[in-house]
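Okay, so here's just one chain, in structure tokens, the form predicted alone.
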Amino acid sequence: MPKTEHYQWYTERFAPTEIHAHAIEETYFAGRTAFQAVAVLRTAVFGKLLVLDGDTQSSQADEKIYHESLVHPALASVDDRRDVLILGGGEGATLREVLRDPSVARCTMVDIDGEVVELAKRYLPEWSDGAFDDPRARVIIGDALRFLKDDGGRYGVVISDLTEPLPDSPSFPLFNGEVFRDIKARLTPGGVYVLQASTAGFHNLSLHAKMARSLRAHFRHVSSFYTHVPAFDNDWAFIACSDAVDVAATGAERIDAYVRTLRGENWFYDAQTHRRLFALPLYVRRALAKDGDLFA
């Protein structure tokens, strides 16, 4: 009889009728911070995995799909990339991608959970790849809401790498009209606000559509885009917002010129990928076109 491997399993309850499971080879950390439950695991298929409040955040094998999609379409589309602001992003991978752009003079990252940042430095150093030690990085452990109110800086790109605005999420207070106005006040003329924006599957895109509808009340250009992230076992969506720049329409020559300036090689994103990200299937476009409830 062939030898059978006996694994423990991490099971993510994605919906009341849907679960995703990963075989665990090692548990590096499992516990709680002041804000959330945290686990750092090594899985058989995806390598290291960060889990917050029972939800997969990123995996060693494919985190670049998520982080390059979140960062580079926006950065490629703006002229002024000297100052960039990240809300959330505790693993440091979003910071890493921003700082690959040599034209960035400073990147400010504001995350409320300093314990997650320290756990990422200890167990997931591949995610940040030295970004926390880059002299251009300004890492602030604090409340992003308070920062947006108190900060007087202006940023060419504001990136929201926060968890989804579900009622039980610590990010829920950061998704409303007042916060959108505060973010607009922090953007330079021609700036872009980009955010991770939940799932985009035919069966689970209602939250994304609600987020996009809400943002259309505050920005002239609101463009949804998405890609499949294997570790999430889902299509994952993002939204790019601006009063001056239509990120979906950014040209291939501009994107390729931008990518050539980056330190190191991209793994996922280039001009061809950009076209794919913004080429939404009909069912997504129909969902986005529908009227519905909004975030206040």
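Every value quoted in this text rests on a predicted model; they were computed, and no experiment measured them. Sequential numbering from 1, following the sequence displayed.
Another form, the form predicted in complex with a small molecule, is not on view; read the next lines as being about it.
Touches the small molecule in the model of the complex: residue 43 (any heavy atom, 4.5 Å): No.
Contact flag, residue 50 vs the small molecule in the model of the complex, heavy atom cut 4.5 Å: Because a heavy atom of residue 50 falls inside 4.5 Å of the small molecule in the model of the complex, the answer is yes.
The small molecule contact in the model of the complex: residue 125, any heavy atom under 4.5 Å: Residue 125: no, not in contact with the small molecule in the model of the complex.
4.5 Å heavy atom contact, residue 171 to the small molecule in the model of the complex: Residue-level check for residue 171: yes, a contact with the small molecule.
In the model of the complex, segment of 186-194, 85-93, 216-224, 202-210 with a heavy atom within 4.5 Å of the small molecule: Flagged stretch: 85-93.
Heavy atom within 4.5 Å of the small molecule in the model of the complex - the one residue of 107, 159, 112, 76 that qualifies: Checking each option against the small molecule in the model of the complex, the one that comes within 4.5 Å is 112.
234, 242, 250, 36 - the one with a heavy atom within 4.5 Å of the small molecule in the model of the complex: By the 4.5 Å criterion, the partner-contacting residue is 36.
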